[in-house]
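Only one chain is given next, in structure tokens, and it is the form predicted alone.
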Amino acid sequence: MSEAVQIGPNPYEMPLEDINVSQASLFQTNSHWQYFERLRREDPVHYFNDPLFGPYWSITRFNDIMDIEKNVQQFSSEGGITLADRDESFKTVNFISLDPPRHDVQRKAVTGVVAPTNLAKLEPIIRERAARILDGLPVGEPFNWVDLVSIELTTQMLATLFDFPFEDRRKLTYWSDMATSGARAGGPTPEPVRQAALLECLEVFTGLWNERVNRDPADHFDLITMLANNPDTRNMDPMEYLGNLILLIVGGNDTTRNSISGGIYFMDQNPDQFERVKADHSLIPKMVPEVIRYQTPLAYMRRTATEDVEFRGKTIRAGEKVALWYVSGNRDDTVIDRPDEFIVDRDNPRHHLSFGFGIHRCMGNRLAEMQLRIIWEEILARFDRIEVTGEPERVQSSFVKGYTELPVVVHRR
């Protein structure tokens, strides 16, 4: 079953030049699908001058997105990763918005936390926490899955990765939401509120940095100790530190959190697929990347042209913004068979764009997949059905594609 719905104007009845896929309302109402379908078919390199973001190009086909991801010389990350223009009075920098070589050295400083040996250590911790969370759910009574499960599991994991005070872990979720919900990006949060929240984040993490600056990273394998003791990152200025914190918090939160919620919704919408996984738990490793593809937790990433570029018959000028719409590429039927269907046993299910591609591919992709695999193994060990009792409430954003509410009732086996 496809999740596509259509609310508001029919994009096929609009002039092509009027299509603007950066509107947060399209994603909040889950009505963006046909807009991207038309662009893929008729104008896969599409120009629009948006009142909020200014002019930008939309790249909507899978292979075109891959080609630009690989071309870091002509399409830079240093203009920022969202369509929103940076506030020069509150400018944060992080390694995903850097090009080589600075990108490479900063990313390398923290990749050890998701190395295979560390993932092996984290797996039993994640499983024990997932089991405790699921065992504590009310049975036969409605509750918000996003809050009690998706946020709780991912926030506990983030607290572990940062060695953050466990009792204050919900601050990580709050800061993640504040970072991505600013009005400058089409979200609901006024910019002064957003900036105040991020400065609070910086203050708390500066205290943690100062405590750990002389720790031995060999004995304390957390992200703050790694940053504070690596020669390539230990001299970051405060706003660069904040930028990398927000990147790691959002990256560690949004992909997993929204894919956990999305997976529950997709299984409810596709009961035949749920029955297949219930009957054969060996399908879970294929189901997990299918959930991530189908959800696409970050709708796009931005690049900025460094020079005039001829691309698929269009001239992209130096300095212009380019949005790589992962959410569209993941539904490209020239690359993915029956892309609008949720299929738990796809061949080559990891062939998707949700983690990006090339040097900026999400470094925590294996950790995200592991968390999803474990939560589904534990769900299937306990519950006969997770019934979605109403439509989900979605995030007001064209960047983060996620959920704030998913009303459910769980039924034990």
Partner chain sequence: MPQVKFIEFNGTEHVVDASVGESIMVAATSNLVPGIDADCGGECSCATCHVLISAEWQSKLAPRSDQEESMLDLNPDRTDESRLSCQIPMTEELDGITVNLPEFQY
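Residue numbers count along the first chain shown, from 1. Keep in mind it's a predicted model, so treat the numbers as computed, not measured.
Not pictured, yet referred to below: the form predicted in complex with the partner chain.
- Figure note: of the listed segments 382 to 390, 31 to 39, 349 to 357, 53 to 61, the one touching the partner chain in the predicted complex, with heavy atoms no more than 4.5 Å away, is 349 to 357.
- Although the partner is absent here, residue 108 lies within 4.5 Å of the partner chain in the predicted complex, judged by heavy atoms.
- Using a 4.5 angstroms limit between non-hydrogen atoms, residue 115 touches the partner chain in the predicted complex.
- In the predicted complex, none of the heavy atoms of residue 99 sits within 4.5 Å of a heavy atom of the partner chain.
- Using a 4.5 Å cutoff between non-hydrogen atoms, residue 275 does not count as a contact of the partner chain in the predicted complex.
- The partner is absent here; in the predicted complex, the one residue of 302, 129, 212, 103 having a heavy atom within 4.5 Å of the partner chain is 103.
- For the candidate set 66, 344, 374, 45, a heavy atom within 4.5 Å of the partner chain in the predicted complex is found for exactly one residue, namely 66.
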